[in-house]
Each structure stands twice: as structure tokens, then as C-alpha cells.
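What follows is one chain in C-alpha cells, specifically the form predicted on its own.
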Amino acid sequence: MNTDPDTLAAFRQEVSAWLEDNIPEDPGFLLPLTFMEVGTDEQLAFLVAWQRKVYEAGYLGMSWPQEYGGRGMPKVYQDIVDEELANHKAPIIFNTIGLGWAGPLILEMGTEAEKQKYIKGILTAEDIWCQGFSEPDHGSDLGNAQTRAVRDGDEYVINGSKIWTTHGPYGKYMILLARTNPEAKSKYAGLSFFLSPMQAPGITTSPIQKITGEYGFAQTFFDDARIPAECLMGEEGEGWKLAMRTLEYERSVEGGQATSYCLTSISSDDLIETCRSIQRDGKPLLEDPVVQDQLVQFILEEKNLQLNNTRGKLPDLCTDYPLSLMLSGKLEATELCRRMRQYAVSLQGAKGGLYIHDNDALDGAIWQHGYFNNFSATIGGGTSQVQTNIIAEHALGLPK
């Protein structure tokens, strides 16, 4: 399809007009700011219906192949849709683990049967996906996963536990990393990767209440759970390779996601408006020169992230450290959001202690809500500390 500027501008207008007519009204209950906060059946039903509506309009998975439910168009069209979703502050597209991680992995490395079985359901939200990587006793040491998968005829028997399972109670499928060979020459060689059903007997989930009060995470238990042997993706022992590729999609090091709109953006523009509404000594806080200086710093960092994203797609501008920009994007973005939201809360003084259900909270307590939830972003997908080590070792070549 044509990607000349006039065609893309017309498409942007089309998307904007559709959103103005179709963004649902306030449902009367708290909507998640990120895909990691879906904790009630009413939130789930609302977001499933919204994702399906966006998909049926042709605005989801636009660059995915037509034979699996996508539209087979250049990625720039999906980029425009995502930008307009953000501009219109639309509800999030929540099925992120399917749309952003499992789906691209299956399209790249899956069999034809796997593509036919899984991709369309990811796009329509008929099939919700969750991730079974982290374990209670091993933190960020993913290579030391101990959940066992033992082959028994045409099935694998799974025993163990996974933690921080986003969408676990609602998931139909899980991307699961499990140990099939505890005697392998290295801990990495003993791991295998499964596209596991969640409704199998022996698989249960227990929701985890977060500091925000909601239940966006869960712990998943496998007690002699039996799943079909065909759920194995690739070969036994290839789990580490597939998990690392999945993390590249999760951290946006690689493209191919059906959408990137999985969280509600709270930007420096929103912080500026908040500073207009806060009064100090009878004047808007925005007139304080110290506050102005900090706002400029946030604006510069935001612009830097945007420019780095563009620069990272131009190899000639990344010759010194080719991987540095893509590897650092997740770290820089999540830490910027954390500091910006923390700053917004601190500006509110005593009112910063008010929270979501308090009618006196500023801006509906969106800054408090966002600040608490941002910790899941600085931990999930690799903690900020782990990300810093990755950049040091793999981008800058520093010793371990």
C-alpha cells in the first residue's frame, strides 16, 4: 500500500475521525492505565470489547500477514493508529503478551500449524495470553528456572510455580519456560519453551494484591498438570533461545508487535496542565522558576527518547554502539515515567497522600495511581538494574 505523505496524512485523518466517533464513554469504574492492572471481570469485559472493536475496524495487527488475520500493510500504518490512540487518550489495547510478545514470536519462529491456531485469536481478544517466566525463588535469574516439564507419551507433566503472571486468571494460553533436562551441560541448555493452555487440570492461579489495591498479577501453580506434547515450541533444549527472542519483543528491541498501545501515556504536557491547576502563594505553580526548570528537563528527556527511537532505525547513525539505543529504550522510558510521576505527586503537598477513591484527589489521583503502578514497569521485562548491566556488557563492552 502507498506510503507517500499525502496518503498517510489522509489515513491519519480517517483514524482520528473513527476514534472520535467510537471511543467508548466512561464506564463508571476505574479503567487500567496499563495492561498490568486488569483485575476485575468488568474491566476485562470492557477491554475485550474495545480491542475487538478496534480490530474489526481494521486498526489492529495491520502489519501482520493477511492469512492469519492481519492486513498485510506497511508497519507505518499501525504506527499512525497507535499515535492516534495515544492522542485521543483511548482505552488501552490490553492483550499485550499476545499482541506484543507471543504473537511476533510465533509469526517469526512458529510452525504453520501454530500460526493458524493462535494468531487470529490474539488479535480478536478471544484468546488472552499470559507469561510464565519468573519464579518465586529465582527473581530475575531466568536461566535458573526450576519448573519441571517431564515427557510422558503424548503429554508433558508440569510441576512448579510462576509468579507475577499478568492476566493469569484470565489467560487461555501461557508462554511457559520450563526445565526438561536437569542434567544438561548448562542450565540454559536444559530449558524448553511451551505454548501452554491455562485450562488444563492441575493449573491454578492465585491473584496478588498490589500496593494500588488492584489484582493485576497472580501466582500460577502447576501440580502434575498435563499438557499436550504439541505445545512444545521448537525442540527440547531450545527454550532459552526462544525466551531471549521473546524478551527482545517485550523490551521493543525488535519490532513486529500488533500494536504498541498498551498503556495510557501521562506526559510532560499533562504535568504542565497539573502545574497550572496547583496554586502556591496565590499563583499557579507553573509560574515558579524552579518548577519551570524541572519541567524543561522532563520535556528534553521525552524528546530525547522520541529522537532516539527514530535514530535507532537508521544504522548509519548508530555505528559506535549499534545496540545501545534499542537496549536502553526500556530502561530510560520507565525510569523517566517513574521520576515524572513521583515529582507530580510531590508537588501536591499534603494532597499527594490522597488516592483513587478520594473525591478530593487532584486529577482523579492519576499521578498517584501511575506512580505506584510504574514500579511494575521498572521490574517487569528485566529490572532497571538488570537493564543497566545488559547495556554495560552488551552495548558498551564493559566487563562483568
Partner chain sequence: MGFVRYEENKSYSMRFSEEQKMILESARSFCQDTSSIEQVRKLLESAQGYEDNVWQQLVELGWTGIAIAEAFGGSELGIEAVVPIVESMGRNLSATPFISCTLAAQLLLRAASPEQQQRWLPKMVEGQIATLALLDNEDWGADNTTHQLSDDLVLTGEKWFVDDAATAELFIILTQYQGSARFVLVERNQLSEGAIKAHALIDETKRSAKVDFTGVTVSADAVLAADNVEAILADIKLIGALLTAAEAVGTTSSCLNLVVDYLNTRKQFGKPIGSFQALKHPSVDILIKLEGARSQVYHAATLFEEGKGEIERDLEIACRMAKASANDALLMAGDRAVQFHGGMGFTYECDAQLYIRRAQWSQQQFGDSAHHRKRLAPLLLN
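Bear in mind that the values here come from a model prediction, so they are computed numbers and not experimental data. Throughout, rigid core stands for the largest set of C-alpha atoms superposing within 1.5 Å between the two forms. Residue numbers count along the first chain shown, from 1.
The same protein has a further form, the form predicted in complex with the partner chain, not shown here; the description that follows concerns it.
Contact label in the predicted bound form: I23 to the partner chain, heavy atom within 4.5 Å: Result no; I23 lies far from the partner chain in the predicted bound form.
Does at least one non-hydrogen atom of W164 fall within 4.5 angstroms of the partner chain in the predicted bound form? Residue-level check for W164: yes, a contact with the partner chain.
Is there a heavy atom of V15 lying 4.5 Å or less from a heavy atom of the partner chain in the predicted bound form? Looking in the predicted bound form, residue contacts with the partner chain do not include V15, since no heavy atom lies within 4.5 Å.
Mark S196 yes when one of its heavy atoms lies within 4.5 Å of a heavy atom of the partner chain in the predicted bound form, and no otherwise. No, S196 is distant from the partner.
The partner chain in the predicted bound form: contacting segment from 225-233, 169-177, 121-129, 305-313, heavy atom within 4.5 Å: It is the stretch 305-313.
Is any part of 185-219 within 4.5 angstroms of the partner chain in the predicted bound form by a non-hydrogen atom, and which residues would that be? Sequence-ordered list: I208, Q209, K210, I211, T212, G213, F217.
Answer yes if the CA of I23 moves 2 Å or more between the shown form and the other one after aligning the rigid core, and no otherwise. For I23, whose C-alpha is compared between the shown form and the other one after core superposition, the shift is less than 2 Å.
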